[in-house]
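Coming up is one lone chain in structure tokens, specifically the form predicted alone.
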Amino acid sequence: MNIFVTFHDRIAAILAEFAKAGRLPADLDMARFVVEPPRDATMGDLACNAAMVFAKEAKAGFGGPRTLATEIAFALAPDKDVAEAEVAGPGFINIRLKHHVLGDVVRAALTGGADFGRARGGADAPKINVEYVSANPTGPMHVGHGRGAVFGDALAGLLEFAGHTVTREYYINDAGAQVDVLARSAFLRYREALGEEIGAIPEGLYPGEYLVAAGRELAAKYGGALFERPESEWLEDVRAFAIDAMMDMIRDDLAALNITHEVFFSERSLTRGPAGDRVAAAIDDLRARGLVYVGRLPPPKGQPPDDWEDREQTLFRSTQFGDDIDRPLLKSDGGYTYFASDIAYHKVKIDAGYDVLIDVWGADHGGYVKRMNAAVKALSGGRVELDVKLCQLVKLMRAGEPVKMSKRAGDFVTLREVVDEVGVDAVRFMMLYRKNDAPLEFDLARVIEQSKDNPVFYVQYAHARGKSVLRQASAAFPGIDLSARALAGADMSRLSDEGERALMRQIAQYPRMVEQAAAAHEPHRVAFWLHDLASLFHAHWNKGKDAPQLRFVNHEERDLTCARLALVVSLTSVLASGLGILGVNAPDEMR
């Protein structure tokens, strides 16, 4: 039940009648106006900007937007669900609902349970690929990787809840120079496992102790067979072994955060897989469309980008699709640029039939967005949407002080260490309690505090507190039926206090919030909304301390208690639902 959609449709029908009478154009785009919660709850339950949006169109038939708004409000007055519709300012419409409407919302949340607010995707629902984490397979994940991992996983869950078909994908960067460095680092640990004194780790190799185990496993597998062979003979085998070992570690780190991917795509497979050289095929595809040429790039202004060279190059016409300059596809040695490989990788996803591609990248890749958008537009003929979400850095603190580096990783704090210390729920919720493109300060001490200043505790405690109300009710009224079916029959008109109505209004916003968060690809909206709902609940609970008549369990009034229990069950249901989207537990008790 989405009352905002319901009233949008009713107002659209009123506008259509005005158009039929010749007072508005017949081709009005009804998607232009919105029905939303008013900024000030004292103004009503719903607000609509239709008259303001169609101000230009209203001049001929109505003389202006305020007159149009007045006539919309007049047409709404007989509506069975409308208590009052009035015009504010230059033409905004504020609507106050009859009490039974919010009561119906509570019933819908009760009977809908985990499916309240969930959309059912149809055959025409976009097919979405979310590619996230994609950390280089050269060691354990750090906290920055964790932010992208949690964001991508929560976004995928949000999109699924909103009715979309979603594939979670991890792109394994296993074709660059960094994996050769990994192989040499693992080989050094292999020599150490065979008894050689290796001393300090040479500059340029990975120093982390996580490679010690890989060295031992290499020694167990090969014995001393690799020891005297030249690098050209052992590099490929050791590289493949080390990548597999690192990916096992990364999968374990992700599993600790309850994250799994359906697809792990290897960058090396673009040129060495069974499909042949897919990078060359992607370049040929663009060339056939007249989008690849040989030419020179002009010297850039200011600091030259890394991929600019003053020579004739094979270039992609990315400026035709909104980029600042055309982009090289081949390096001076004839090898492919990273961009060429990324073009081929995205072509694989486009050819697989995805309608929307979402890439979750680190903040340092911001300069890469325009060229990738240009490539996807060119490859798909504009059919496929690419949305690149950048995750800003995480500053790890403990009680306000920066956290020291990890010996295990060598030069950073591992994600697994953080999860093991503060728990999955704290990591996931706090990574989502800021917009992805805003810097995040993650304080290890604060996120485990049991206080209202800790957002994850505050929201989870609201759910646990709601469950405690039900236990109190069972003790006060032995044998009371607390099932959703039974409570749905309660007299919701008894919920007349403004604090109760505020909770009902917030619950009514849940389907709309989920829909908008999914459309914007912004899971942080769910975390913010949950915190707002928890705040309203805790505030109303605290009022009951001084005003016993407001308490959820009233020993003298069973019917009133049942209505309030219906509200509490619907509230805990949407709290659990929203936390589930974020991948966070909804505990029944917190001690």
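Start at 1 and count along the sequence shown; that's the residue number. Note that the structure is a prediction, hence the values are computed from the model and not measured.
This next part talks about the form predicted together with the RNA, which is not shown.
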Answer key, the RNA contact in the model of the complex at 4.5 Å (heavy atoms) among 177, 225, 77, 220: the residue is 177
Students should find that, of 445, 486, 363, 119, the residue having a non-hydrogen atom no more than 4.5 angstroms from the RNA in the model of the complex is 363
- Item | Contact test in the model of the complex: residue 435 vs the RNA, heavy atoms, 4.5 Å | yes
Would residue 5 count as touching the RNA in the model of the complex under a 4.5 Å heavy atom rule? no
Residue contact check: residue 501 to the RNA in the model of the complex, 4.5 Å heavy atom: no
*asked:* Taking the RNA as it sits in the model of the complex, is residue 337 in contact with it (heavy atom to heavy atom, 4.5 Å or less)?
replied: yes
Review point. Even though the RNA is not shown here, does it sit in the model of the complex so that 90, 367 and 522 each have a heavy atom within 4.5 Å?
Key: yes
For the RNA in the model of the complex, the stretch among 538-546, 22-30, 66-74, 555-563 with residues bearing a heavy atom within 4.5 Å is 538-546
Taking the RNA in the model of the complex and a 4.5 Å non-hydrogen atom cutoff, the residues of 434-459 making contact are 434, 435, 437, 438, 439, 450, 451, 452, 453, 457
